[in-house]
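You are given structure tokens for the same protein chain in two forms, set apart as structure 1 and structure 2.
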Structure 1
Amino acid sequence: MTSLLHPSEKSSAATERSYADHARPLWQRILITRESAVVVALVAVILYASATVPFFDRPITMTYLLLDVTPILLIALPMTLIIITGEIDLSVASTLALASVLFGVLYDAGMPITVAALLALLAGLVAGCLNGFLVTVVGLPSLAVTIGTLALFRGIAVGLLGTTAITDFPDAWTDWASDRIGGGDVPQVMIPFVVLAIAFIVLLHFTPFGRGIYAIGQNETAARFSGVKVVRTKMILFALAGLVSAAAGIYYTLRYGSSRGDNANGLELQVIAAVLLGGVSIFGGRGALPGVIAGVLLIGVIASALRLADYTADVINIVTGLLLVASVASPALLAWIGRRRRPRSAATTPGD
């Protein structure tokens, strides 16, 4: 018996973990997860900052915070799905800038603003499809492809506008980007975000398409043999990333009233950091959207609290960096601790 059990136990870490997961009661499986750890951390930081940092407990803090993190929240949605398949998209911030510049240039050229926005979205979709094509059909690694398109899209964006900026957008549109729902404290851009977030949560967690995404991340070959359309799935995800990044680009342009080639420079790293902090495995196959949204908010809250406490940008970067390293390292650490503990439990089982 033991000789039969042992090889199967060692053969795949994934199988082993899923047995362990289901061995626990349902309430434990729901409550004791990486996602809930992030939510708990978020609540803890908010409570601590409200008690110790002056001005943090004002509602306006939340307003500014949500306005600041909206582009990251938006792009984190498709990015989560892409990372769960084991791929990555580094070109999102460049796509954002490209859409921002196109939106500005087209509007400046006399096009109706709605048409300019739609064309910018289309450009984002095309950019995403280009990534998807190179990754799936040509079969190149997404890391290499999107490093390339990161430079390419940013280059086009900067090239189109140079060092100038387009700033005369209609007030109705720019006001919309920073107005609050019913004159309260919640920015109204949260409405489209919540709609989009629900759509992505349903897509990832409640559809066969979403199960396919996890299957690809766990084992692409096995997923293909069990009927998951790997190429189509990845293609759709990269296209979605392009489209959502472009939408974030239009929001960004309106929020700051400025269409510039260097808009959101380096934002891709903040998005990926938040996604990983939210419990998504960089190796694919694991993660959930509620955790990612909490991860984005956690980074935002920490930055906001540190700024209010008069810490410099460097301290904010160091703290976020440490947090990210800790969150990426913790699964490996826990696994290591688990391996050290296992021999004892394994030894007791046969004895029983």
Structure 2
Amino acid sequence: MTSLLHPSEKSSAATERSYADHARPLWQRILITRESAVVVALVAVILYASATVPFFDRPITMTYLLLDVTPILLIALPMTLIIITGEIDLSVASTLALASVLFGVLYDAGMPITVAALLALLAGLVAGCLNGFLVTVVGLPSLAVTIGTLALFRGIAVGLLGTTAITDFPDAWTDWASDRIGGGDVPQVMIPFVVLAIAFIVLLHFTPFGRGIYAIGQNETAARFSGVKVVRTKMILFALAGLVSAAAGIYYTLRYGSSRGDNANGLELQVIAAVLLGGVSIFGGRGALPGVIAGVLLIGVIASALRLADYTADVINIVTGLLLVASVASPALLAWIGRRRRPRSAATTPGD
């Protein structure tokens, strides 16, 4: 069949991009993104704090900054994948506390510390599976489910230890949580984090499983009809969140040398703020792990600079809350500005 299009028109149609995000050149798609903006903001805050905040530019500051944000970095990895599917897990900090308490109680009861750590990880995995079961099989909203398990896991943790704390852990384990690579400035806990981050990045960005996560976030019904195993995918993600939160709980216990029921109280706010600040949409379907890692570091740098400038924890919480609100509101605000500008641009096109 002879084409009715002129050769020049066929050429134009062939080069025309039908997907809006691919209408821009490659360099713009890489550099002009929400993730790049977070990286630029991170560099700007580091430079500003180094110039204005006393002692911020010392290597020891960066060492303690990395040690402090490690639990957030760890938990942000599975949390990113969960939020991209359009779900959320508010119980991660309580799971961390539960694993921390179990780890301490079992070790204090005479169990070998390795076995105690493994059982704490198992408890985190079970907690994550419970969330996944209630969300995917029972069909309850993840927001309501994880608010309930937030209180449940925290209550169990506080109930097991009360107001007491277990602090007598082997020096070899507590030293490992704070030691540095080769005596330098980078904590050696960054090694397992980097390994885990690479695994999550490959899982999300380079596998069919990761493409299924984005598909679920875009349209769960369409993803199900396309062959994506929605229930299995979400169950795996909630289980991973529980397991990684438990690992963060063991690290938290060794880092501060204390197993307590109120460990990491409110940490879920910082994790979610960092994930959203890193460019992940709260409505699902969008986001990338490199931006999230930059978001965690940005919040950590701001908190560290404020502490060195003698601001209280309340001020740090206010700043974190403002960043969370800005992260959620900014995409909607930019979309509204785009809609306001689009008719005006269309009206001026014929006269150009």
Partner chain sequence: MSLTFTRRGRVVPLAAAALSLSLAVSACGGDDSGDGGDGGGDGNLSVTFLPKNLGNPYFDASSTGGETAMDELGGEFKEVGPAEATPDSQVSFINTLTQQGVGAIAVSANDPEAICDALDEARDAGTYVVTFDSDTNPECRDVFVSQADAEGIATKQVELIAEQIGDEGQIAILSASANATNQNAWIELMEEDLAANHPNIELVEVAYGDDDDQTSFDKTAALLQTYPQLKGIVSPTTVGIAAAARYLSTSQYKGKVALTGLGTPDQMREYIKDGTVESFALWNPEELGYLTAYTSAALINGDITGEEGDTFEAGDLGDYEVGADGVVLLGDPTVFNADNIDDFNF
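The structure displayed is predicted, hence computed values, not measured ones. In this text, rigid core is short for the largest set of C-alphas that superpose within 1.5 Å between two forms. Start at 1 and count along the sequence of structure 1; that gives the residue numbers used here.
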Number of the structure representing the form predicted alone: 2
Please give the CA displacement of residue 324 between structure 1 and structure 2, in Å, after core superposition. 2.6
